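Before any questions on binding or motion, here is one chain by itself as C-alpha cells, the form predicted on its own.
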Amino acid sequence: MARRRSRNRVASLTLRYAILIAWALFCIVPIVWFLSIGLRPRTEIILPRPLYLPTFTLDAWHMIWTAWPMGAYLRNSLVSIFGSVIIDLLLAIPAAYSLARYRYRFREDIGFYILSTRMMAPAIVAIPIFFLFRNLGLLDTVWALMLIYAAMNLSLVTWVVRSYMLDIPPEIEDAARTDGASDLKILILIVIPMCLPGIITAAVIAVIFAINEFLFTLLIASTQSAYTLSVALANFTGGSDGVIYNAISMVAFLAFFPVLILVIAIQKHLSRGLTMGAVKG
C-alpha cells in the first residue's frame, strides 16, 4: 500500500511538472523566437524556407540607435508612463480610502461612476480629447501623454487599491484614532504600508495599460518629438527598403523587456495584490 502511494505521488508530481514545463515552453519560445529575429540579418529573415542554423548579428541594434532617435522615443515612453502612474497613485489612494472607509450619501454611486469610465469606448472621446489638448497647447508633448494615460487608468487603479483596503481590519485604524492619530496620518503611516502589495499591483497594471495604449498616443503625439515606442513601431516601415523586420523586432523587445523584468522582480507582491481583496467588493 505504501509503495502504491509512493508511485501515485511520483506519477502525480511527474504529470504536474510536465504540464508546468510545457506551459513554460509555450510562453518562452515565442519570446526567444521574436528576439532571434531581432538578432538575425535581414537577408535571412525574408528567406522563403526556414533557416535552422541562423547567423546572429547586432546590425539591428546599431541601426535603431544610429538611424532612428531611439533614445528620445524611450525617454518619452518612460516619462509619460511613470509620470502617469505617479499621478494615478496620488489621486487613487485617497479616493480608494474614502470609498473603503467613509460612510456618506451616494458613496456607492460615486464608486460605480468612477468604474464606469473604463466601460467607455476610447474612440468615442478621441476627437473631444484631441480638441481639448489642442486648445490647451499640449499637443505633441509628453505632458499630454502623461495626462491621458493617468485619466485612462485612474478608475482601475482606484478600484484595485480600494478592494485591497477593504481587507484591512478597521480595528487597527480605530486603535490609532484612540491614540490621537488623524485620518491623514493613519492613511500614510498605517494603511499605505499595509496596502503596499495592492498599490504595487495597481501600479504595474497601469504601466502595462499605458505601454499598450496606441490610439490616444497616435492622436496626440503626431510628430517625432513626442513619439513613444508604441507609435514609433508603427512608423518603422523602412521607406523604400520595405519593412525592416529585425529592427522592428528589436524595438518591440526593447519595449517588452523592462515590463517582463518588472513583473518578475515583484511577482510575489503582484500575485498577492491580485488575490487579496478578491472576496470583498
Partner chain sequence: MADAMAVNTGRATRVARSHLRRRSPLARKALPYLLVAPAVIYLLGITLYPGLYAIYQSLFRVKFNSWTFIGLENYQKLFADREFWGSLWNTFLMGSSALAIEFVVALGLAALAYRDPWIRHWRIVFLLPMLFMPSAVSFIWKLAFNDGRVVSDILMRIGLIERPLDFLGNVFLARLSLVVTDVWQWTPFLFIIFVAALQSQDAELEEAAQLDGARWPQIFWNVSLPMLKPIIAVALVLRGIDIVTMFTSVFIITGGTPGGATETMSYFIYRTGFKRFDFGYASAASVCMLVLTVIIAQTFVKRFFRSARE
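Only a predicted model underlies this, so the values are computations on that prediction, with no experimental measurement involved. Positions refer to the first chain, counted from 1.
What follows is about the form predicted together with its partner chain, which we do not show.
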TODO: Flag Y73 as yes or no: does it have a non-hydrogen atom within 4.5 angstroms of any non-hydrogen atom of its partner chain in the predicted bound form?
DONE: no
- [ ] Would you check, heavy atoms only and a 4.5 Å threshold, whether I192 touches its partner chain in the predicted bound form?
- [x] no
Open item on the list: Taking any heavy atom pair closer than or equal to 4.5 Å as contact, tell me whether F82 reaches its partner chain in the predicted bound form.
Closed with: no
TODO: Answer yes if any heavy atom of W33 is within 4.5 Å of a heavy atom of its partner chain in the predicted bound form; otherwise answer no.
DONE: yes
Open item on the list: Residue by residue through 9 to 39, which ones have a non-hydrogen atom no more than 4.5 angstroms from its partner chain in the predicted bound form?
Closed with: R16, Y17, I19, L20, I21, W23, A24, F26, C27, I28, P30, I31, W33, F34, I37
